[in-house]
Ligand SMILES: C[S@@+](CC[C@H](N)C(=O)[O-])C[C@H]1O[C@@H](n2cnc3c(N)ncnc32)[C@H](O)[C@@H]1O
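The chain below stands alone and is given as structure tokens, in the form predicted alone.
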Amino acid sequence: MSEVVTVAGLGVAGDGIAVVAGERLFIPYAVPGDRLAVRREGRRGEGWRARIVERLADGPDRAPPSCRHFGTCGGCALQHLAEPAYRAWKQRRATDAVARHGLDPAIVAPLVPTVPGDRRRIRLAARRIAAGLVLGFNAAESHRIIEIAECPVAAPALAVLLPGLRRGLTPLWPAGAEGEVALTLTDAGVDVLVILPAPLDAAARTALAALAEALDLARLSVARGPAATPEPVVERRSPTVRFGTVDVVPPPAGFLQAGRAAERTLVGLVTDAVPADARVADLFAGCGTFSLALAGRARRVRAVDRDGPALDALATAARRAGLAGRVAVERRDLDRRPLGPAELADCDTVILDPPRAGAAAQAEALARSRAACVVYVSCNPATFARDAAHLAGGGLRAERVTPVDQFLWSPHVELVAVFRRSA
């Protein structure tokens, strides 16, 4: 049974929100001002998830989506929102997160936008059916794979490979099996990791090498599962990315900032905040996005992460660039063993770039340290606000927060926040 509602606003996940008899309805792909016939589909937190049955009247900020798959593919949530309203909503995501924990919203800088085609890494779901290999993104809140023919978010060099990958991988994929294909655009071409739930014989490896040649891939690797160590099958060119003036070869499907232009923005914001000749601790350093960009101006950089292959890539790149004496790497799980004040005593500046769960334990330790500057790069405003409150409670004053729209048309927004300790 459907009911007619008017959408009042957007929630943190980008869903339209309508209120009926005191209960909130969360409606994907709605915009404020929409008048809709909707049907409730189940409880969601303190409200209901509902789907649109019919659009009776469109709100003023509705716009045509950029992709034919929008509304079925779960990759984007906000292509239907006009650009000014979209940017204003992303800006509010940042200001609300700052205000929620008592920080001054006035410190939030204007949103730095991104453009379609900037995303350099995508991870696709795969399943073999009778007709061949289905390769695409999952539908929203579903394991159903939407086979995609285009992706305006992704770099064109990635999307153009999809037909060839489907054809080339179908004969190697066991019937009914599920897996993943991760694509990363590097400076030398595309790096592909195939997560295939079956062993490969010599003939399959030969076929994969031929596929890499046909598609002009830089490298093609395989893994038996998401947690398995990838094994390169063929490397035709070294799949390098450049951080600062240093070339790095990330591990297959290794973490990189999602967008190329967005990464340049993040690096610029971090670099501008770090004092010259600083002694830097780069926590959750990964392959060295910030460590290597800062190596030329910092006195020294201590790069810490729990990802061994990523740190190996960083260390190898630093050694080849003659920076081994200025960049030291340390493997450590900072969630379980955060660096304490004594261990941070020889660092005056700390860069913090944790995953979406944030870095609560490390933020508490930083609050007790003598670090004069903390630059926090966050992909989750909610966990950022929590951790920022710890830093502020320890005397680190939030000087500036810059939102960066690295995740185009998604509910996510990247934040770069600069904290300095009062003299």
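This one's a predicted model, so the numbers in the text were calculated from it and none came from an experiment. For every residue, the number given is its place in the sequence shown, counted from 1.
There is another form of the same protein, the form predicted in complex with the named molecule; it is not shown, and what comes next is about it.
For residue 333, a non-hydrogen atom is located within 4.5 Å of the named molecule in the predicted complex, even though that partner is not displayed. Not displayed here, the named molecule is kept clear of residue 75 by more than 4.5 Å at the level of heavy atoms in the predicted complex. A residue is said to contact a partner when one of its heavy atoms sits within 4.5 Å of a partner heavy atom; residue 286 meets this definition for the named molecule in the predicted complex.
Using a 4.5 Å cutoff between non-hydrogen atoms, residue 307 counts as a contact of the named molecule in the predicted complex. Of the residues 60, 395, 355, 45, just one reaches the named molecule in the predicted complex with a heavy atom at 4.5 Å or closer; this is 355. Checked against the named molecule in the predicted complex, the candidates 221, 257, 114, 265 yield a single residue with a heavy atom inside 4.5 Å, and that residue is 257.
Heavy atoms within 4.5 Å of the named molecule in the predicted complex map, among the stretches 152-160, 223-231, 132-140, 334-342, onto 334-342 alone.
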